[in-house]
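What follows are structure tokens for two forms of the same protein chain, given separately as structure 1 and structure 2.
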Structure 1
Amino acid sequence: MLPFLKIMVKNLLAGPSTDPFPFAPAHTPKRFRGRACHDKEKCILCGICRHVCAAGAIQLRVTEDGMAVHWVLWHNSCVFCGLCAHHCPTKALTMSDDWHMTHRGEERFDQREVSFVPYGQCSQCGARIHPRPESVVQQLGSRYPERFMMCPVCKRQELARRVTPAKPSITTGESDERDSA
């Protein structure tokens, strides 16, 4: 017991080393991995978050009219691994430092993060495309903003129009021979 006596006296004098939590705020580090937050302004509905979610806590449900998606994360299933935030290409998902997860039993079905993310519309034909949020347009689509907002079909046609000359030359056997000559 003797070698420990000094430490014991020192610890007794130092007082409790625990946070008096409910009566005083507990220290939360900046990097703490708490409740996940979803920013629908950045979401492109790629679904990688649902793909990597080990707990199956993320669901993407298309609305009945097919024009939008309900993005849902169930906090009671989430295991706070942060894989979704790591893989999110547009950083729409982030882990906040909020660890206050207590709730009443009757509120268990409210413990979720819900976003209503509408699909985008093709600027040409109006077809349904994946959303192109402003932040993504600024990053990736700033060179050809109008083409960035098109559906794949219109984009192909637009590109084809761009690369073909206004008056297409008729290819004949003769011209082929001339080319090869």
Structure 2
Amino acid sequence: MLPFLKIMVKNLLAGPSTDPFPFAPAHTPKRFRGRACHDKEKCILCGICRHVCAAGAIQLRVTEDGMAVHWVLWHNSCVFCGLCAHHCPTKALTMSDDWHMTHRGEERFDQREVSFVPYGQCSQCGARIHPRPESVVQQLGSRYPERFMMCPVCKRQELARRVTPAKPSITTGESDERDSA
């Protein structure tokens, strides 16, 4: 009986061992994966997040006018695996420590994150290309920034222009004979 009283007194002096949630903020471990956050300023619309999403919670929809894309993440379908954030090449997707996902049944279609990401323009012809934010240009296109801002057609033409040697001047024997006569 005495060992039990000893443990009880020790626990009473130590206080509660659980968080008083929801009356106070709960402790969240550093590596905990909560709600995914999308930064539309860094997004290049590569679609890798949608491809690797195990739950199919990410959708990319082109707007009716074709000038932008709606990036949508359904939090009700997300399983917080973090694959989208892991594979995002520009770190536009991050996992937050916000795990508060309680909601009423009628709010189930509001549990989503929507970003409007406009397309960019080719620096040569003005054609529609995937967006190239300045931070992405510095990170991925720092070697040839002018080429990084081109559409595939203009980029191909620019590369062909650089590779093709200059045409040699055609000389005929007639002009040589007139000059000597």
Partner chain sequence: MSETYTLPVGPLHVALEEPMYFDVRVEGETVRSVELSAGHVHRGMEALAMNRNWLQNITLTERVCSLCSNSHPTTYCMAVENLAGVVVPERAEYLRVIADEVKRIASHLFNVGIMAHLVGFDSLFMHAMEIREIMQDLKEGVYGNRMNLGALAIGGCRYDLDEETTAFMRAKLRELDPLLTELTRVYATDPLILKRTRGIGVLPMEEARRYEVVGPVARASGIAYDVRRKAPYAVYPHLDFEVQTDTAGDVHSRAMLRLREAAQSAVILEQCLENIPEGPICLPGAVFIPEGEAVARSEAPRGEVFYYVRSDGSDSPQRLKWRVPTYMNWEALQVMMAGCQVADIPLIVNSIDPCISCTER
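Note that the rigid core is defined as the largest set of C-alphas that superpose within 1.5 Å between two forms. All residue numbers here refer to structure 1's sequence, counted from 1. Keep in mind that this is a model prediction, so the values were computed, not measured.
J.: Identify which of the two structures, 1 or 2, is the form predicted on its own.
T.: Answer to the question: structure 2 is the form predicted on its own, whereas structure 1 comes from elsewhere.
J.: Note yes or no: does the Cα of residue 147 move by 2 Å or more between the two structures after the core is superposed?
T.: For residue 147, whose C-alpha is compared between the two structures after core superposition, the shift is 2 Å or more.
J.: How much does the C-alpha of residue 16 move between the two structures, in Å, when the core is lined up?
T.: Looking at the C-alpha of residue 16 between the two structures, the offset is 4.0 Å.
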